[in-house]
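The chain below stands alone, shown as structure tokens; this is the form predicted alone.
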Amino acid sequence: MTATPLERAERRKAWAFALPGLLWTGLFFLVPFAYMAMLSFWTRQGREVVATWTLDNYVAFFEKAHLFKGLVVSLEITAAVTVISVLLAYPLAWIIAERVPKRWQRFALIMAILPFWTSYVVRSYSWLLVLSKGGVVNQALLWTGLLSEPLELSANRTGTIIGFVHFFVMLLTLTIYANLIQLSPNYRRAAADLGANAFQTFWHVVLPLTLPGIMVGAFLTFVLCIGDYITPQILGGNNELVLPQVIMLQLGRRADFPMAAALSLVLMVVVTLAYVACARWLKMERT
């Protein structure tokens, strides 16, 4: 079917609007990504990068324990952060949506997202001051007599998880709240008319309908957490390296750009698999 002149003009207008974004994406994402993918199949010999096509970098990732362990540690921390953040964010979002008067909900949300208003690095260093042996938490516990010596809350996995959870609870609260306020009260009324108690109504009605908001927030938490370098570097120390730290070591200390590119692609594959696993809920629409 031949397009009319008006349709052709609208198409040209649409391409004119889309072209700058497409060019920007192509130049600053697709081209660097393609080069990084190509670089991951090359090798470093001495101080030179040699364009010899090989899978040695990927083989080394699975054979060298310190490289593969970086991915394992990243997945463990990310899984813990995601689960804890969901468990903390859901009640907070529910309280704001259901218990806070509507005229105060906007203020409550602003208070909830205050951490986003400060620098990411500043937040991490602030937690380091709070969690260190001489920090506020340990000093308070020592003063009350609950502890005889300070806890190890920083320079380890615990500190990293606390720092991450503080940030991502706020993100998950927003996505879950956005779903909760869209729920019609008629759903709960219908469940009550059918004899469901409060828990049954939540478990069989409210939770399934808010699952898309949970999964969107959980996926964003997974992506941002597994690729983060700053928080593990500041709060986790160098006792247990996550994969982004391992990548930075390949770049900063060894100048092994092919290995760093291979590790980065492994990280992207993991994120892609996470998206595939969550795609069903990310595309779910309420009918």
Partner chain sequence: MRRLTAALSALYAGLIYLFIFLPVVVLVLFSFQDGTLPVPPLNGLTLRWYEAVLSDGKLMAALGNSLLVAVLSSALACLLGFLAAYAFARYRLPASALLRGLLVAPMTVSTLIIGLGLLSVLNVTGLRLSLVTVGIGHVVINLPLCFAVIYASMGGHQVNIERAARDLGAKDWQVMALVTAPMLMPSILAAFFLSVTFSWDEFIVAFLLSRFDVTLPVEIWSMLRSGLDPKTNAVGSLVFLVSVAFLLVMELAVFRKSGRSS
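We call the rigid core the largest set of C-alpha positions that still match within 1.5 Å between the two forms. Computed from a prediction, not measured in an experiment: that's the story for all the values here. Positions refer to the first chain, counted from 1.
Keep in mind the form predicted in complex with the partner chain is missing from the figure; the text below concerns it.
- For the candidate set 190, 178, 207, 88, a heavy atom within 4.5 Å of the partner chain in the model of the complex is found for exactly one residue, namely 88.
- Proximity to the partner chain in the model of the complex, defined as a heavy atom within 4.5 Å, singles out one entry of 174, 153, 96, 216, which is 96.
- With the partner omitted here, the stretch from 141-149, 208-216, 88-96, 71-79 that lies within 4.5 Å of the partner chain by heavy atoms in the model of the complex is 88-96.
- Heavy atoms of residue 185 never reach within 4.5 Å of the partner chain in the model of the complex, leaving it off the interface.
- Residue 132 belongs to the set of residues with a heavy atom inside 4.5 Å of the partner chain in the model of the complex.
- At a distance threshold of 4.5 angstroms between non-hydrogen atoms, residue 103 is out of contact with the partner chain in the model of the complex.
- When the partner chain is considered in the model of the complex, residue 194 lies well away from it, no heavy atom lying within 4.5 Å.
- Of all the residues from 234-252, those having a non-hydrogen atom no more than 4.5 Å from the partner chain in the model of the complex are 234, 244, 247, 248, 251.
- For residue 269, the Cα coordinates differ by under 2 angstroms between the shown form and the other one after the core has been superposed.
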